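Shown below, as structure tokens, is a lone chain in the form predicted on its own; questions about how it binds or moves come after it.
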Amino acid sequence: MRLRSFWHDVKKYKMFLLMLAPAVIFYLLFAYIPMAGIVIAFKRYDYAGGIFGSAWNGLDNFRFFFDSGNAWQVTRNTALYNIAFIVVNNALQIFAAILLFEVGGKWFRKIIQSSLFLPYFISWVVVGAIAYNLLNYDIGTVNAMLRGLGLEPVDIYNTPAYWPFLLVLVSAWKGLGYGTVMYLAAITSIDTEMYEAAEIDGANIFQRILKVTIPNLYPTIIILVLLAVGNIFRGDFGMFYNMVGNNGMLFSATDVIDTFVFRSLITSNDIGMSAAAGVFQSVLGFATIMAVNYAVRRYDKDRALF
């Protein structure tokens, strides 16, 4: 009976299932099936034996990662950068979405929205090249302007203290348009009668934003933050590597788990240690999303992911 009901539902919703199929196939091929490769983290990998034929070595790969002296540094950097990205990016995106919604003029809104969205499509390789030409000590535009004003140039690429601010700024600039569109879509879906009722009650524009817009954005904010928290221990490799490269002077302030694993794999060719760092990263991310989702569920179960 259950089998008959199942096939009846499949036939009834076949168009929806067909629409869902590409996403399901994508995640099966690129997310779930490759998880079998996790075993490399517990093996002494050699090319002759392959993934499943190499000898087991227990937790030696994890021990090597932690004994390297960089585990705490790269984990701390990854988490702190992502926390800064979540806070700053979401705050700016909400502000920009509210501003666009309140600004009059359909064409003006479209032009600003398109301008904000444009950086999202620029490759990190290009962004890194732009940053280098702006910030380079010898030929950079910023230092050329400082010299022209009679001021001392700034050696940004040899000074780690500048980079946390620069990376947060660049991340906010590049992601502003994408996040703004999502928040703007959420704002436009708010019932207009709520705004009309607020105006009748004498609320000004700031009171409408505080009492109507922002409270109705809470579900969207919570979902986007929860999804971002799931990647809090995953650094944006494209951004960090193309902005910093292999500049050892900046590793203390900019090295994240992803760049550390990449360099370890390139220099030592130790696939097992690199896989162990990736497993460590995934376990931390899973634990974080479960903890945050549990906290949200305790506060309001309707706004939790599951």
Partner chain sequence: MLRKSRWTMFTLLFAFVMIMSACGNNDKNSGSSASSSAEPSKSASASSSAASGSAAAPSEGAVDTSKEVKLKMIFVGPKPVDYDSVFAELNKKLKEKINATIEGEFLDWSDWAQKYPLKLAADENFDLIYSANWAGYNDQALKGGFLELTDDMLAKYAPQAWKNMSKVSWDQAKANGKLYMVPQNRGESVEKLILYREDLRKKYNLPAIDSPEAYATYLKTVAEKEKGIVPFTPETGDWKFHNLDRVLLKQQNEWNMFDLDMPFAFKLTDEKGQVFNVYNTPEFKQLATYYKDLADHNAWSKNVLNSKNDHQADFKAGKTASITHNNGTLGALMALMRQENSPYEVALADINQGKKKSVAISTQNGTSVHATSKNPERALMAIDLLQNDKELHDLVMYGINGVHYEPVGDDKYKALDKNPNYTGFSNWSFNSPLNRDNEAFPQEASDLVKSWEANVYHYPLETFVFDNSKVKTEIANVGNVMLRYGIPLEYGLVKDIDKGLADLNKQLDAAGIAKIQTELQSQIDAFLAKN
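Take the two forms, superpose them, and find the largest set of C-alpha atoms that agree within 1.5 Å; that set is the rigid core. Because the structure is predicted, anything quoted here is derived from the model rather than measured. Numbering follows the first chain given and starts at 1.
Below: the form predicted in complex with its partner chain, not depicted.
For the chain shown alone, V244 is a contact residue for its partner chain in the predicted complex, at least one non-hydrogen atom being within 4.5 angstroms.
Contact annotation for G49: at least one heavy atom lies within 4.5 Å of its partner chain in the predicted complex. Though the partner is left out of this view, S264 does reach within 4.5 Å of its partner chain in the predicted complex, counting heavy atoms only.
Remark: N158 counts among the residues lining its partner chain in the predicted complex, judged by a heavy atom distance of 4.5 Å or less. The partner is not drawn, yet in the predicted complex one stretch among 176-184, 106-114, 214-222, 131-139 has residues with heavy atoms inside 4.5 Å of its partner chain: 131-139. Remark: all three candidate residues (Y45, G248 and I271) come within 4.5 Å of its partner chain in the predicted complex, counting heavy atoms only. Shown here without its partner chain, the chain has Y32, I33, A36, Y45, D46, Y47, A48, G49, F52, D60, R63, F64, D67, S68, N70 in 31-70 lying with a heavy atom within 4.5 Å of that partner in the predicted complex. When two forms of a protein are overlaid on their rigid core, residues whose CA moves 2 Å or more are considered shifted, and G50 is one of them between this form and the one not shown.
After superposing the rigid core, the Cα of P34 is displaced by 2 Å or more between this form and the one not shown. Relative to the superposed rigid core, the position of the CA of L17 differs between this form and the one not shown by 2 Å or more.
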